[in-house]
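Quick setup: one chain, the form predicted alone, written in structure tokens, and binding and motion questions come after.
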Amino acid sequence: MTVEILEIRDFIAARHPFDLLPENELATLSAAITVRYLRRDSVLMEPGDNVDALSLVRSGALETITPEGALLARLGEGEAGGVRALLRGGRAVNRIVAIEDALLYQLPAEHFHRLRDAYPSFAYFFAPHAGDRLRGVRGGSDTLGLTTRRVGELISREPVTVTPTTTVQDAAAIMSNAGISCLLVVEDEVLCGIVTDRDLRSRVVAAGLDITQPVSAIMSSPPLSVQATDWLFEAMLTLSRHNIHHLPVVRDGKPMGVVTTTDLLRTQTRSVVFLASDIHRRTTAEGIRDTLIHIPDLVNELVEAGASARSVGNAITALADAATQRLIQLAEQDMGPAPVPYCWIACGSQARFEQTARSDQDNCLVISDDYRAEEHGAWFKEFTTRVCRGLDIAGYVLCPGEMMAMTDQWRQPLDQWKRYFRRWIGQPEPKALMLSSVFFDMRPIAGNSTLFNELHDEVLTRAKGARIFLAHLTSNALTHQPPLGFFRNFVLISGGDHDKTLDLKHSGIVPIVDLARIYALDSGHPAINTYERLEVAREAGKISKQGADDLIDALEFLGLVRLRHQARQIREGARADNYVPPSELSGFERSHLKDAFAVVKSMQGAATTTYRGGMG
């Protein structure tokens, strides 16, 4: 290999997507590439020209200009010209001219097309649409299995059932003969109870109960259960929250089997169930903190194992839910039961199941309209303060904006919450729009979920099709812009603690979350998770299939880059954040981040056209 060919090989081997090709291909391409020199103002191609090579910029710079004279792009070192022409049969559409002396490496068209056919990663990179390129790098595996599998998939045998009149002795014999640890109690094909081996020990043997008594005397009724269509992580939450080991699975009201803690553990590479169960055994906020201290390690392991950003978000949020529920239980144990019903509600990223290794707390409390401040106010103030302070000790820092249940304004009766939302939707002022980004993402965590359902139903009814509100919400969403300059170069933070970095959260992820919220509210659909909101909007026709798929892929890729960055910080003993220096990114990541940001920018423009109308 000559010195010149070796230099070409080293150059392309360091550029994405050529860096993904095997060594033999790099050698073949290096020998096939020709060198072309263009002086400043020289033309590489004109509209209508026949293009027979991909032109890689070795040094210098090129500009791509439309036939009408509009500037489309500026190409620098390592970037390619002529891609669009090659993808359109070799006919140039735009004009490309050197704006300074340029040295080009030209790869013959036949090699370009051969590589696209032979290597999917190469084809994805040179796909004509940014979203198509992202489609090839979507976070693939869900090593937890908790967010890609339904509970019904774990059921491998018909349930063993008895009737309420079956004797305890007969039930024990059936369990022994079948080699099982629980029985479902069914009456008229409807699940009415469950009996476990623990029930036999504690409620029969230890209590000296007559074994000729019916199982109705010892069964748990009504039993907790999950639907066959629920995600595995929902079953995991129910098991850990109530410290039980057997969970009946029903379909169309009829029992179809039982899922156990052991079943769930078999689906995982790292047991989130163990951590959640450990949280529910803790008796102090400090104890919960000792369990949650493993979250950074868990994130690191999941990222290393190839988990998707979506599944990591679900797993980490499940632990936040468990911590909140346990602190609520501990507070009620000390203070006694609540004087009137309430519902503790998670907001923001916790509500969306999108937490990461670093999260603060956003929550609120909806109280029954039976609430009387003079009678009940002191109890609820102390209760919410205990829980929020406990979450802070456990690692979920107090919200800087005080959007927490311990804040008087966000601990209110149901009727007051309805008035809040009526005002925010009817009078979308700047502060109302800021609050909307938090409180329109709500999910019940503990207490009486009927209170949440009544509030959420009214909110969705009022927001659906509320054009003025949605227009203002869209304008507010546009305050977060992708950090992409006119020439597709990154616009970095200038000055401060995060100088020369990209804010992946506020410049990339938040804009997608904002758009998905607008689409979901316009659809009147109760979905909270951003991925689900985009899927619902696609089905409802609020966004095109292409647009929804592009945003989903952009969100997944941005989430993965953020998680990898945070995992890297964790390994180095630093605190995880959202600020990524471009020097930390591979050529692959830089290229696809530009695609992700381009998708966001494009979809923000589409949302402006759809929702802002004549607002300007």
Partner chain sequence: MVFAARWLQALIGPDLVRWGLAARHRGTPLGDYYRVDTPTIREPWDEVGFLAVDLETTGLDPRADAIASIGWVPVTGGGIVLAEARRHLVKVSGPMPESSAVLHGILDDQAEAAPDLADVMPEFLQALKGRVPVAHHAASERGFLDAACGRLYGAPLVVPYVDTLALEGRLRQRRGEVLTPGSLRLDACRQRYNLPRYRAHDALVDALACAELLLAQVAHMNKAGRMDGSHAIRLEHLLT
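Numbering follows the first chain given and starts at 1. Since we're looking at a predicted model, the values are computed, not measured. Here, rigid core means the biggest group of C-alpha atoms that superpose within 1.5 Å across both forms.
The form predicted together with its partner chain is left out here; the points below concern that form.
- Comment: 53-61 is the region of 53-61, 66-74, 579-587, 555-563 lying near its partner chain in the predicted bound form, near meaning a non-hydrogen atom within 4.5 Å.
- Checking L103, L87, A173, V491 for any heavy atom within 4.5 Å of its partner chain in the predicted bound form turns up a single hit: L103.
- Heavy atoms of I33 reach within 4.5 Å of its partner chain in the predicted bound form, making it an interface residue.
- Taking the partner from elsewhere, R39 is found to have a heavy atom lying within 4.5 Å of its partner chain in the predicted bound form.
- Along 4-30, these residues reach a heavy atom to within 4.5 Å of its partner chain in the predicted bound form: E4, I5, E7, I8, S30.
- With the core held fixed, L563 shows a CA shift below 2 Å between this form and the one not shown.
- For G76, a C-alpha deviation of 2 angstroms or more is recorded between this form and the one not shown after rigid-core alignment.
- Once both forms are fitted on their rigid core, the CA atom of A576 lies less than 2 Å apart between this form and the one not shown.
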